[in-house]
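Listed next as structure tokens is one chain, alone, in the form predicted on its own.
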Amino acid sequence: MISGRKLLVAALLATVSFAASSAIAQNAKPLKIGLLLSLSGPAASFGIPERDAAELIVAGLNSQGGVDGRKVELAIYDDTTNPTEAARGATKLIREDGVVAIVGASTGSGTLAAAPIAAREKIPMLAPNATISVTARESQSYPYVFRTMSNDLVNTKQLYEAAIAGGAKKVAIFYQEDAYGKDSATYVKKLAEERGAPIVDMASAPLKSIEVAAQAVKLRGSSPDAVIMQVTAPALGGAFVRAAKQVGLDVPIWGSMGLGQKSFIESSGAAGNGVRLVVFGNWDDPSPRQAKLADVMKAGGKSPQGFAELISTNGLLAIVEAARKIKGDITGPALRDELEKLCKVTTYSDGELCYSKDDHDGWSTDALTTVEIRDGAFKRVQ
């Protein structure tokens, strides 16, 4: 039989142990995560909602105790949609702010510029963009770069197949002059050649362009049955759609998922009616998971703008889930190792996150939806 004295000692030890555990949790080193995003420049329509959603998710996590007692802290850097600035930002976030992982950059070009720095410093980058070369296995940066959405190898093929299924036999391409545009345009051309139906013409413009009538005229001259836009900047996409209408390029236009934003609808105006896209989420007709994120955004005073909110929170939640599996210090290499084991993880996006040693892309076609612009909204195409 246990004496009263022994019971008292046991109770005191339990109290001390609990107090010590609480103190350790409260004093635990914060989990510092970097956001390397385009908060200004042509890709700000991605970067700003990416930041807003991440901040709201972190506020929610911290209100519930953080990550196993660790408070989550964000260090934010605006790369101004400039690859050189993205590289500079990665260096600052790692060496000065002490982050253990980075969500970014908003653009593929920014990620490709920053990734070698992150890899050298052994800090995982969770890239919220579809640029094909970002997760290329032959890249020296590959071990430390993960994608927070489906690869454009998946997205572009789905887009091309949808255009062909709509009856197009001769396809032209309009693309933006950066890593994303060039990679995806080259891949569409490869898909077309495999089908024995080469692309009839291609035209391009810098990311910041708003005068693209000459490109629309050039494509009109090749008499395509459809045009695929490999463009992510809403202003550029909207400019091309309006120019196509003005010069009589009256064929179906298909847009890449980067244009699945309200700002693209606004930029296109009436000319945007009928444009179809393959998108990673649709706020005008959200899935149940997306609706939950919309509730979080609205409760925080923000209105969802596009799929940017989904892909930044995908990266953030992947880091958090990996961090929870680490016993002891949370370091870049430890996070990288756990990220490669993450699978069947549910986020606010459709589909499931699943990384492996041989696949850092995470999502597939089950996260994609085909939509059409009608009456100022994205309507799901069955």
Partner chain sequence: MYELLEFSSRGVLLGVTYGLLAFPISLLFIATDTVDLAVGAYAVLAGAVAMFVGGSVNPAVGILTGILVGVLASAAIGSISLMLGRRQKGDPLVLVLASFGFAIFLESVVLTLFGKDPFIRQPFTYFWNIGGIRISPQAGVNVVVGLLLIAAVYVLLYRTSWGRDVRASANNERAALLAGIPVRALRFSAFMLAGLLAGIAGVLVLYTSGMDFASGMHLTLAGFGAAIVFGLHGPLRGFFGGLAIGVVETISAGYANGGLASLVPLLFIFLVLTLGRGGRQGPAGVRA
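Residue numbers count along the first chain shown, from 1. Only a predicted model underlies this, so the values are computations on that prediction, with no experimental measurement involved.
The same protein has a further form, the form predicted in complex with its partner chain, not shown here; the description that follows concerns it.
When its partner chain is considered in the predicted bound form, residue 175 lines it closely, a heavy atom lying within 4.5 Å. In the predicted bound form, at least one heavy atom of residue 268 sits within 4.5 Å of its partner chain. At least one heavy atom of residue 235 is located within 4.5 Å of its partner chain in the predicted bound form. A residue is said to contact a partner when one of its heavy atoms sits within 4.5 Å of a partner heavy atom; residue 220 meets this definition for its partner chain in the predicted bound form. Residue-level contacts in the predicted bound form: of 200, 136, 247, 291, one residue has a heavy atom within 4.5 Å of its partner chain, and it is 247.
Note on contacts: among 166, 300, 206, 98, the single residue with a heavy atom within 4.5 Å of its partner chain in the predicted bound form is 206. With the partner left out here, its partner chain still marks one of 154-162, 291-299, 112-120, 239-247 in the predicted bound form; by a 4.5 Å heavy atom cut-off that stretch is 239-247. Residues 210, 211, 213, 214, 215, 217, 218, 220, 221 of 210-224 are found to place at least one heavy atom within 4.5 Å of its partner chain in the predicted bound form.
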